[in-house]
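Take a look at this one chain, the form predicted alone, written out in structure tokens.
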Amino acid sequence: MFRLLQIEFIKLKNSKGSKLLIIIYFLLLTSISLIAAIKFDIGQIKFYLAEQGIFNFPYIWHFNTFMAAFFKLFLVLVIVSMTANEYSNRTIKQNLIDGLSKKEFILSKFYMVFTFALISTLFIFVISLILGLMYSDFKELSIIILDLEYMVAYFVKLLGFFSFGLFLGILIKRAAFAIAAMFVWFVMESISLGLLKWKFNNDPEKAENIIQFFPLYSMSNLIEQPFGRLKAVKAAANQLKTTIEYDYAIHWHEIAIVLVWTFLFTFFSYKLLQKRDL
């Protein structure tokens, strides 16, 4: 495993574009902490975002993982471009000539995907812990460790998304086209959801039960939007005498769906490589 990872990081070290994207990615993750400084003073209305409870334990695990997931495209660009460059630079053929099997090649890519997802998760964990200890109204250990399953969901979400990028990079062999294909897939899933909701107009849950098995939707479904849990939103709902009913829980069957897709993307990547004459 470490030998295969070392090969990937040597390639990464020699890619200036990939290193730049990684730096931008982690800078953007760090920028989440700047949310604490957001203040609005409009006449008598004073709005301080940090006072709305976004950095309170355990809510911070939910909020930060949801926000950080928007930046995952930067790392998937690295994965797709590095995979596609294996073909354009013919390093894949050279690796195989040097004794690396096709299985080991795919494993090296998967280990890179796994490492990126793990490092990103640990990074968000540390940032969230620091921000929580600085701004949270609740700092008891029993409260801090609540909702840590959001970190697990975040890791699985990244793992699935990066594996999807790896598969498209192997399938299409051109980074720009692979990213375009990912966008087209997203549009197709969105259209499918709309059609299903139209077909099951009287039973929208049935549409959700079907679409939850689609790859990109299953990944986005892992961590739902956290804004309905904010103090300001709850106060507004109380004033309007309405209730916000939303399922914010992490469901383990949803994690299982994404893990299955992760396995399938990696497996199909191997099968594609196995059948190709390089």
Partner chain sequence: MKTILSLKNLNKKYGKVHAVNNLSFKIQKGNVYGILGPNGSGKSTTLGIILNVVNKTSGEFSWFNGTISTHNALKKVGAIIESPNFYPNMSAYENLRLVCKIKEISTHKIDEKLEIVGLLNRKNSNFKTFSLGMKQRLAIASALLNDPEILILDEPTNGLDPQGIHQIREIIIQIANNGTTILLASHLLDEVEKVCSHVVIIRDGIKLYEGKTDEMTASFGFIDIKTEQNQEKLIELLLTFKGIKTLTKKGDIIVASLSNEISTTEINKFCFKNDIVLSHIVKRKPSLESQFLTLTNHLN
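Residue numbers count along the first chain shown, from 1. Because the structure is a prediction, the values reported are computed rather than measured.
Form predicted together with its partner chain: not shown, discussed below.
Novice: Hey, of 94-102, 115-123, 173-181, 132-140, which bit sits against its partner chain in the predicted bound form at 4.5 Å between non-hydrogen atoms?
Specialist: That would be 94-102.
Novice: Each of M67, K72 and H253 having a non-hydrogen atom within 4.5 Å of its partner chain in the predicted bound form: is that the case here?
Specialist: No, the whole trio is out of contact, none within 4.5 Å by any heavy atom.
Novice: In the predicted bound form, does S192 come within 4.5 Å of its partner chain, counting heavy atoms only?
Specialist: The answer is no: S192 has no heavy atom within 4.5 Å of its partner chain.
Novice: Heavy atom to heavy atom, is D147 within 4.5 Å of its partner chain in the predicted bound form?
Specialist: Heavy-atom contact with its partner chain at 4.5 Å: absent for D147.
Novice: Just checking whether R90 would be counted as a contact of its partner chain in the predicted bound form - the rule being heavy atoms within 4.5 angstroms.
Specialist: Yes, R90 is a contact residue.
Novice: So which residues in 1-29, when you check its partner chain in the predicted bound form, have a heavy atom no farther than 4.5 Å from it?
Specialist: Counting only heavy atoms within 4.5 Å of its partner chain in the predicted bound form, the contacting residues of 1-29 are R3, Q6, I7, I10, K11, K13, N14.
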